[in-house]
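This document starts with one chain, in the form predicted on its own, laid out as structure tokens.
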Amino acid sequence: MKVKVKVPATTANFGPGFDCLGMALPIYNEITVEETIMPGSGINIQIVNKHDDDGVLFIPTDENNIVYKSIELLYNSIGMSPSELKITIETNIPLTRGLGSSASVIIGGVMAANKLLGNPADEAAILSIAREVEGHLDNIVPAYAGGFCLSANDDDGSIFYQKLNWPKDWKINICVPDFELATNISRSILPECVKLKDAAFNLSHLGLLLKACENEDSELLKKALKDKIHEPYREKIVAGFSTIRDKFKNNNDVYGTVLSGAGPSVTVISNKDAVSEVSESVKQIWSELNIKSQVFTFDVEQNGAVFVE
């Protein structure tokens, strides 16, 4: 039996929504898990590089692979161990760019293996296993559920989330530079503790952000998309980010500029009239720093992970 799952990319944090806000994007990885026929064949992991990303060369193809680790956790949760499996990972989401590539393959692997096993894990269990491997929910939840999601961990370890409104006229411009930034490095520069006033700043702005989306209020969104918990530290290692943000600060057609996840990709929210200007300006800013880049304009992907026939 063979099961394939298609999982979207994500952009997360959204300024004040550190580790709790994330959005699915229409770029996809596909993960196939297949029971092999020959006993004793073991675990076979293949990587299909769909976008010519050099980072794919460094993905482990043994028990250290995060897809295998996720599947192993699922098997262990029901008292089993994976034995003869072929895992194929087709990569379309750029690696180490802040677009949720890890979350997508983790979710895909768990869902595919779960179906092979007869669906012993419910949604809560799937998300819990994925969280254990990935570490946080802001990418995992929208990769699984699609849409624009606010997610949380409760004190007892349970996970819950809500899908939020995202106005159709608000375009998501994903600006991807031609350099990598591993999440563990981007996390390592964050402080162990944050100042009380900074935490209060983010809480208030997160509330404003949720209200702006609910009311489709672009002026309020401009005020809300600010952060004091992660971007002030990460902008030091993301070349050009502060320049890009300042470029659009007074542009009425651009509603905000934030890091995508841990970076280095940048998310610019605008109306449709500013899409070309955003693309040209961002490419020019990075070009002056000798950095090649691509800019993609998306609407939110409302569908999360889906099985492929």
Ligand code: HSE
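The first residue of the shown sequence is 1; numbering continues from there. Only a predicted model underlies this, so the values are computations on that prediction, with no experimental measurement involved.
Another form exists, predicted in complex with L-homoserine (HSE); not displayed. Remarks below refer to it.
Of the listed positions (His136, His205, Lys171, Lys222), a single one reaches within 4.5 angstroms of L-homoserine (HSE) by any non-hydrogen atom in the model of the complex, namely His136. For the options Val254, Val266, Val282, Ala262, the one in contact with L-homoserine (HSE) in the model of the complex, meaning a heavy atom within 4.5 Å, is Ala262. Contact with L-homoserine (HSE), judged by heavy atoms within 4.5 Å in the model of the complex, is confined among 235-243, 82-90, 128-136, 160-168 to 128-136. For Asp299, no non-hydrogen atom is located within 4.5 Å of L-homoserine (HSE) in the model of the complex, even though that partner is not displayed. Put simply, Ala12 is close to L-homoserine (HSE) in the model of the complex: some heavy atom of it is within 4.5 Å. Proximity of Thr96 to L-homoserine (HSE) in the model of the complex falls outside the 4.5 Å heavy atom cutoff. Remark: Ser218 does not count among the residues lining L-homoserine (HSE) in the model of the complex, judged by a heavy atom distance of 4.5 Å or less. In the model of the complex, Thr183 is the single residue of 163-184 with at least one heavy atom within 4.5 Å of L-homoserine (HSE).
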